[in-house]
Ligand code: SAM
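Shown here is one chain on its own, the form predicted alone, set out as structure tokens.
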């Protein structure tokens, strides 16, 4: 094996003064779609990784931490998860996790970038694990804004697995009051909307707090939660929104039966993990309690 100084490096820029480096063992794909730069590489520590616009989306070694955290708290707490809508999620791992539950009658996934979906099928089949071919899956390549405006169905759970709403991101138009209203209109009574919601580290939580402040205008219960994702080298946050269910207070007696019904074994999520991820540190609670900018 070559010495590290001879390897190529994937450098993820977090800030003008902060970079995270991953040695590259193999490049599967590097190119640009109509919407974003796409990279699929293999690293010695994290295995295969999907990179969009220079940001790590998921890694082979720990993607189940992220995807189980995104999907299962909401699914466990929803009164009805027979119809689930996924916004984004091109790798297919969010779809995979949703379809692990037998109560799901149909999972609809809407992603704008068909190239990410096809490249994930080709190079990252472990992520979807056959989910794209499941009869219960409805995969739509198209604009989520258009879908939300035209769709008339209701969903017990809506999951947003979109990239962060940075200015140059194709997800940016989806983070505003008008879209949040459209999403709520697609929720069934008592339904839950959950979204990946940027970083929760003490040094870079401002975008997450801005998301939470905005969503409080639309829902009775807005609960932040987070976990460390090693490939991201950061604490990653999520937000669960509902008028009927406060996921931060979900009873253990509801979580364990839910997990026991899932196809296959969980890697990350169970009742004890649920308690931990909703137990926020003081600095994050203080930031979320403060007023400030909204979308």
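Remember, predicted model here, so these are calculated numbers, not experimental data. Numbering follows the first chain given and starts at 1.
Although not depicted, the form predicted in complex with this ligand is the subject of the following passage.
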| query | finding |
| --- | --- |
| Of 36, 234, 248, 60, the one that lies within 4.5 Å of this ligand in the predicted complex (heavy atoms) | 36 |
| Contact residue in the predicted complex, from 131, 112, 223, 187 (heavy atom within 4.5 Å of this ligand) | 112 |
| Site test, 73, 108 and 191 vs this ligand in the predicted complex, non-hydrogen atom cutoff 4.5 Å | no |
| Which of 75 to 83, 201 to 209, 142 to 150, 95 to 103 sits within 4.5 Å of this ligand in the predicted complex, heavy atom basis | 142 to 150 |
| Partner proximity in the predicted complex: residue 214 to this ligand, non-hydrogen atom cutoff 4.5 Å | no |
| In the predicted complex, residue 66 touching this ligand (heavy atom, 4.5 Å) | yes |
| This ligand contact in the predicted complex: residue 183, any heavy atom under 4.5 Å | no |
| Residue 50, heavy atom within 4.5 angstroms of this ligand in the predicted complex | yes |
| Within 83 to 102, the residues that have a heavy atom no more than 4.5 Å from this ligand in the predicted complex | 88, 89, 90, 91 |
